[in-house]
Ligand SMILES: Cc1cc2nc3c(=O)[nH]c(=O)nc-3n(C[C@H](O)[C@H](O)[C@H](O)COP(=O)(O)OP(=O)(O)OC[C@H]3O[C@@H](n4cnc5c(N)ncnc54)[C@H](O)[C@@H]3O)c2cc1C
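As a starting point, one isolated chain is supplied in structure tokens, in the form predicted on its own.
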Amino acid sequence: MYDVVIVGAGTSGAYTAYRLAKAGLKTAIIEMKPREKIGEKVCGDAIGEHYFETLEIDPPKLGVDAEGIFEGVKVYSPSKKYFLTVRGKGYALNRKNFGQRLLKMALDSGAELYDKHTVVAPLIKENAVKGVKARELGKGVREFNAKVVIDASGSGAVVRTKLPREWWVSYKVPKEDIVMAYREIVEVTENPDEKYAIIYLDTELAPGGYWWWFPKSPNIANIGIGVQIKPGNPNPRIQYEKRIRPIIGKRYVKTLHAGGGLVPTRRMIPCMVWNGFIAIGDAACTANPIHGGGIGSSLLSGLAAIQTILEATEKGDYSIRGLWKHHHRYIEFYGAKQASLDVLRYLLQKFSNDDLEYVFEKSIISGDELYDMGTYGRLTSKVVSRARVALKLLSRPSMLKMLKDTKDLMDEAKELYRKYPENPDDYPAWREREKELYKRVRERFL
């Protein structure tokens, strides 16, 4: 019997295992990859420096688990004539080495790794998760019993999606809330900017998403594209080959690695816990709804789970009531902002290239205000006032009304999540209010 079984040895799973094992809990990690491949994942490989103080771990080191340091992000308009600079130090990770560091920390603290194991089913008894069944590669199925199971398996949510449909936590994520991504690690003769990660907004090239160029070193870049899953939208790999590779042009030397994946880009799932169960990371939809970055927020969801499980252990209560505070902790760390930014996502997916170009050209938002929006999940009155002047002059009242409605709905969403129910008894009523709010959001922008 384990205190905790964690399914998935990605960043959130390995970090959570490290902290729980270090605290003295008997912890197992179940991972389908072989140990030497843990840490390998297709993503943007970027994380802000500010996360590490909260997480209480050392930041990445250049030449070890970081390949570059950003001074910030530049966001370009569709024409590339205009851009906003958002300042803030971040790291271009060596994704595998970073994952291997977290794994080593977990194992050194006493966590047990079962690599090459695929979870086939949760163990359920008396309305609670009691463990999982997993099959080792080339061998049979065995059971892992635990007081708490953590699903850190990524967007596939291999435990959560196998739970009974009537359980709140088994929420099915709509396809339109998921982005298909494709990226390549490319050797180039030079990067367009070595100090800044670059995001290009273009609703025709990357509908419902964007494409990026993140420098990892003077001659290596992570270049990719994310496209919203929606009927009629293009395949991101085809878009990359047809539209982005020609932009790289003569700077291209060779492709070092290529791959794709799915990223839930939305607010957190409405309920993240059940009796004996917590979902974290992409299994709980913790990626940023606007830029899709998910490493930092997944680690914060792990920290929320750590604090919750340690408290539950002290009380000996692993029921849904005993784990319920996980919601409040994660909402405080990131979830309230995430709910607000999910409203902004709908606005951006509504905008055309002409709309985006106009916002950049007329300086309706500044880099500092974009930083404020991303950090705190708020659209300031100053932005709306500036837009009111610019848009009235050019008779664009519909865009002005959309911006004003966006601000109001973002504020409402953040406040709703800050008032997340104190106990499961009040969840059904809160969930109805949450559904009604985002129904209004969809009706306003779709």
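Numbering starts at 1 and follows the sequence shown. In this text the structure is predicted, and so the values were computed from the model without any measurement.
Note that the form predicted together with the ligand isn't included here; everything after this is about it.
- Note that among 360 to 368, 293 to 301, 235 to 243, 321 to 329, the stretch whose heavy atoms approach the ligand to within 4.5 Å in the predicted complex is 293 to 301.
- The ligand is not drawn, but in the predicted complex it has no heavy atom within 4.5 Å of Ser340.
- The ligand is not drawn, but in the predicted complex it has a heavy atom within 4.5 Å of Ala152.
- At the 4.5 Å threshold, heavy atoms of Gly68 stay clear of the ligand in the predicted complex, well away from it.
- Mapping the unseen interface onto this chain, Leu262 counts among the residues with a heavy atom inside 4.5 Å of the ligand in the predicted complex.
- The partner is absent here, but in the predicted complex a heavy atom of Val158, alone among Ile198, Val158, Ile220, Leu347, sits within 4.5 Å of the ligand.
- Site annotation in the predicted complex: the residue of Leu409, Met32, Leu416, Met402 reaching within 4.5 Å of the ligand with a heavy atom is Met32.
- Along 1 to 28, these residues reach a heavy atom to within 4.5 Å of the ligand in the predicted complex: Val7, Gly8, Ala9, Gly10, Thr11, Ser12, Gly13.
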